[in-house]
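In the form predicted on its own, a lone chain appears below as structure tokens.
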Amino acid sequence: MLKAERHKYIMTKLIEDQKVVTTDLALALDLSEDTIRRDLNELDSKKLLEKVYGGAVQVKEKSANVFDIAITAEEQKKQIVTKALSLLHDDQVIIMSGGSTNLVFAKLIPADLKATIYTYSLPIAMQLSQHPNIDLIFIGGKMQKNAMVTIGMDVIQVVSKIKADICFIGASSINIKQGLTEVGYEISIVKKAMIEASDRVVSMFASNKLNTKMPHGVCDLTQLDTIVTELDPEDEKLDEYRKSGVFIL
């Protein structure tokens, strides 16, 4: 498909739905998420849409508040992360990856929770900086600007030394055979280090990530303790995942 045709499709979907989601566009057009992100960036530079975490929305006046980050499908993500709040308790050491679902999770963490949270996501660190009782450690390194996360050996070295009770890891894709996979190699390496550093591994994602795959492996299903989606845990779409032994919340 030519770029002009892709752009026309994206703008049509945007008019119909008021928003577009990167992963949905990639699946619908049978293209990589990187290609879709480049298209969205180009359309954003032309002021035809507004690029946000996970996709794009129709152009609107940008907020002057750096803490006010637009998120696609936020209500669905609230439904997902609300389930995972039960996994939090005082005095935990937590690692959080980047991603819009984890950002929504950070917004909903109860104000009375007292915990230590490590993250290499700048938006999540910004959000948690407003929390009254969280001991926040932002892991610095080379900034991947499109995702606003740090990457590289500096990040991996810090993560490898953490003794975390639990980590909340985003998912670009998941399937039975390959487990979690990522579009970017550097992010996949950081997530592997997170898993190694944590006693419990939780992945939260929308059900459209099920039965999809990306080029770079993160972990097998056996390395996941819990997955959380908007679906009912008994939904038939999750049957094979349940049979693999992973707990579904």
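In case it trips you up, residue 1 is the first one in the sequence shown, and so on. In this text, the rigid core denotes the largest set of C-alpha atoms whose superposition between the two forms falls within 1.5 Å. On a predicted model such as this, the values are computed, not experimentally measured, just so you know.
FYI, the form predicted together with the DNA isn't displayed, but the following is about it.
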### Query
Taking 119, 129 and 137 together, does each of them reach the DNA in the predicted bound form with some heavy atom inside 4.5 Å?
no
### Query
Which one, 31-39, 185-193, 212-220, 198-206, holds residues whose non-hydrogen atoms are within 4.5 Å of the DNA in the predicted bound form?
31-39
### Query
Applying a 4.5 Å heavy atom distance criterion, does residue 43 contact the DNA in the predicted bound form?
no
### Task
Flag residue 226 as yes or no: does it have a non-hydrogen atom within 4.5 angstroms of any non-hydrogen atom of the DNA in the predicted bound form?
no
### Task
Using the partner position in the predicted bound form, report whether residue 242 sits within 4.5 Å of the DNA, counting heavy atoms only.
no
### Task
Give a yes or no for residue 57: in the predicted bound form, does one of its heavy atoms lie within 4.5 Å of a heavy atom belonging to the DNA?
no
### Query
After the core is overlaid between this form and the one not shown, has the C-alpha of residue 216 moved by 2 angstroms or more?
no
### Query
Under a superposition restricted to the rigid core, does residue 22 display a Cα displacement of 2 angstroms or more between this form and the one not shown?
yes
### Message
Once you overlay the rigid core, does the Cα of residue 238 travel 2 Å or further between this form and the one not shown?
### Response
no
